[in-house]
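As a starting point, one isolated chain is supplied in structure tokens, in the form predicted on its own.
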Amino acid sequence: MKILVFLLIVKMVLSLVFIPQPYSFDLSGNVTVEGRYFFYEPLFAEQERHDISLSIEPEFYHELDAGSSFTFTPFIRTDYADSERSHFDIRELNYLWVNDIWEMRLGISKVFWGVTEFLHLVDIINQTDFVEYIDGEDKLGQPMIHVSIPREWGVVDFFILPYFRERTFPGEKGRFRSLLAVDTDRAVYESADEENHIDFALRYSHTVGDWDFGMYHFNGTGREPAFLTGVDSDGRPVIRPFYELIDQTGLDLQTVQGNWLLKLESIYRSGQGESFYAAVGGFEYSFVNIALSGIDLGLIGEWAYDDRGKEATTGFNNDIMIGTRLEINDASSTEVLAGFNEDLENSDRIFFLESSRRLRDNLKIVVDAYFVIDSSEDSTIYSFRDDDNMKVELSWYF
């Protein structure tokens, strides 16, 4: 019921906005063909060794007077192998109202917080679209009322989040799935309001000299589910996501010192079992314009700690991550990021590669790779141990 009221408000505001305005949009976006090849036979009979999919993500943008604007960004993917990966989402559908004192964004939107490279502990507003890829970088659109107050002494952001988005998971035929498939139709909530529970967040951010920092408090339904065992409609064992109410306080901090970029993210959370602390921090050192070639090379090192140990829902309880970033700075914007992650508590080791290059002004290729070098039977990645893969995306931008 609350989400219906929220959408009615959005519709009313948009109708008021567009009555006196000429109806015209700036249209941009991309169409992407994606192929994935898995190097090993699947663990489960239902899975495929190769996959192809098509995604479309247009953006309709309309600018109004005084900097206000309307944005609509739908996303759709159709996937050959996994029906759960074929899905539609509204990444953004919002109106931005700007005046001299504050800004308000009303509708569905995406908000990112974080400074570290490999793990974003403080990023909590949007839910992870986990069927997209294992790295968790893709997010679902979040209904919100977002008020931002910029001042010389910093920026204050206040969020009202009237509807909860459940995390997506691969189906029985999808790769990167657990031993038991996750039944998203049987999610469990701690709140009696379930997905209609209203969440709140308050954040303050500022820049002082070479230091950028942000701190916030979130109260509401946690985005990282715990997991319960159950049965589906056919009586087969499945995993049921359990979404608990939490309070989370977070801090992100970074500073540039010469060629060094130092980063830190930390959180304190209560409500999801015992209260706990988690942090990830590290550095990136850049070699700029190596031998006058125009090439930049960055060396990255980070350490993640979670005092829940093996109960950590992120999978990072005591991990060291190293990587390198190569930027050719050529006309094709060629970039490569390679990284290695090792869990210091067990034998988990992962290697990954992300690379991209523009083929033409409106054509781009992305090649990603993910390899589980080693894993222990009690780790969160054990069921992915044969999911080493290479993913190739060819995107046309318009």
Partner chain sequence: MKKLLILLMSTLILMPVILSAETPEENGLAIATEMDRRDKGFKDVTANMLMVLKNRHGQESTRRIRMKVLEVEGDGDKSLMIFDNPKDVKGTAFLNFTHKKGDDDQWMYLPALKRVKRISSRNKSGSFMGSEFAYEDISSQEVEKYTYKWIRDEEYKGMDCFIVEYYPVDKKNSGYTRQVSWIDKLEYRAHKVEYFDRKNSHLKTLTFKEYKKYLDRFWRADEMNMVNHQNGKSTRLEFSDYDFQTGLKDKDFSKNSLKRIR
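Numbering follows the first chain given and starts at 1. This one's a predicted model, so the numbers in the text were calculated from it and none came from an experiment.
One more form of this protein, predicted in complex with the partner chain, exists but is not displayed; see below.
- Does the partner chain get within 4.5 angstroms of any non-hydrogen atom of Asp212 in the predicted bound form? Heavy-atom contact with the partner chain at 4.5 Å: present for Asp212.
- State yes or no: in the predicted bound form, is some non-hydrogen atom of Ala45 no more than 4.5 angstroms from a non-hydrogen atom of the partner chain? No - in the predicted bound form, heavy atoms of Ala45 and the partner chain never come within 4.5 Å of each other.
- Is Gly235 a contact residue for the partner chain in the predicted bound form, using a 4.5 Å heavy atom cut-off? Residue-level check for Gly235: no, no contact with the partner chain.
- Query: Do Arg105 and the partner chain share at least one heavy atom pair within 4.5 Å in the predicted bound form?
  - Reply: Yes, contact at 4.5 Å.
- Query: Judged by heavy atoms and a 4.5 Å cut-off, are Ala187, Glu345 and Glu377 together in contact with the partner chain in the predicted bound form?
  - Reply: Answer is no for this spot.
- Message: If the cut-off is 4.5 angstroms on heavy atoms, which of these, Ile246, Ile239, Val115, Ile198, is the one near the partner chain in the predicted bound form?
- Response: The option sitting close enough to the partner is Val115.
- Task: Report the residue, out of Thr78, Ser178, Thr207, Thr324, that has at least one non-hydrogen atom within 4.5 angstroms of the partner chain in the predicted bound form.
- Result: Contact residue from the list: Thr207.
- Of these, 303-311, 268-276, 221-229, 93-101, which stretch puts a heavy atom within 4.5 angstroms of the partner chain in the predicted bound form? Going by heavy atoms within 4.5 Å, the stretch is 93-101.
- Message: If you apply a 4.5 angstroms heavy atom cut-off, which residues in 351-390 are near the partner chain in the predicted bound form?
- Response: Counting only heavy atoms within 4.5 Å of the partner chain in the predicted bound form, the contacting residues of 351-390 are Arg358, Asp361, Asn362, Lys364.
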